[in-house]
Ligand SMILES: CC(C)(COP(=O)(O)OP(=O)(O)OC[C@H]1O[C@@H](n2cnc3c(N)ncnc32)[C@H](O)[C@@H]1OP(=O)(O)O)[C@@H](O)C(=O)NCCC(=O)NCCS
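In the form predicted alone, a lone chain appears below as structure tokens.
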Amino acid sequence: MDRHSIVLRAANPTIEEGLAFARYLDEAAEGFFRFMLGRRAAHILATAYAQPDHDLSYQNVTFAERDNVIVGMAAGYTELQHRRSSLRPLKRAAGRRNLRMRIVLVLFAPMMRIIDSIHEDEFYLQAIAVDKELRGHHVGSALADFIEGRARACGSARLSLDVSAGNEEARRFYEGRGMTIESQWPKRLALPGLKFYRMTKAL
């Protein structure tokens, strides 16, 4: 597939696009959001996505399209955007599921503290996800190039992300783009399925 047949565009605050965002985000997070929010996770995320000024907002999302059909997504934000963000839109969207979300966040508090630690000069890549049938066809690279360009335009000196230690395909993709492992969590205790790496790249 010709890379030039892929069109990148800013996301719109619609429920339909929010559902696409939710699907890609949960896939990139290996099911964590479904675990945290339950069977209505997609609807909850889509509702929060339509609100401005938080980490899960449409404002931070770029979609990749082929023939006017969404085939991939990237999301990311600066440290300042993250610092000004809050969980209120997600909590409001969760409604009665808010209790389940709070319990999961308490249980995973050490991990969440690490993920929330973004340096002042960094742009954090929250997620890149591409439809399975189009992986290896430059869609992910186009999205990653766009995110790097956006990070530089924002004045960020580094790009950072977190990736599951078990997701070797994603780790190889990022390593191929010059990213290196800076740290891992947990540092000592082995927790099956919960180990992840913080990867960074100077811009």
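Numbers follow the displayed sequence, beginning with 1. All values derive from a computational prediction rather than experimental measurement.
Separately, the form predicted in complex with the ligand exists; it is not shown, and the next lines address it.
Visitor: Can R39 be called a contact residue for the ligand in the predicted complex at 4.5 Å between heavy atoms?
Guide: Result no; R39 lies far from the ligand in the predicted complex.
Visitor: Answer with yes or no whether S141 is in contact with the ligand in the predicted complex, where contact means some heavy atom within 4.5 Å.
Guide: Output for S141 is yes: heavy atoms within 4.5 Å of the ligand.
Visitor: Is the gap between R150 and the ligand in the predicted complex 4.5 Å or less for some heavy atom pair?
Guide: Outside the cut-off, so no.
Visitor: Does any part of V130 reach within 4.5 Å of the ligand in the predicted complex? Heavy atoms only, please.
Guide: Yes, V130 is a contact residue.
Visitor: So which stretch, 41-49, 151-159, 54-62, 25-33, is the one near the ligand in the predicted complex (non-hydrogen atoms, 4.5 Å)?
Guide: The contacting stretch here is 25-33.
Visitor: State yes only if every one of R135, V163 and Y174 has a non-hydrogen atom within 4.5 Å of the ligand in the predicted complex; otherwise state no.
Guide: Verified in the predicted complex; spot residues all in contact, yes.
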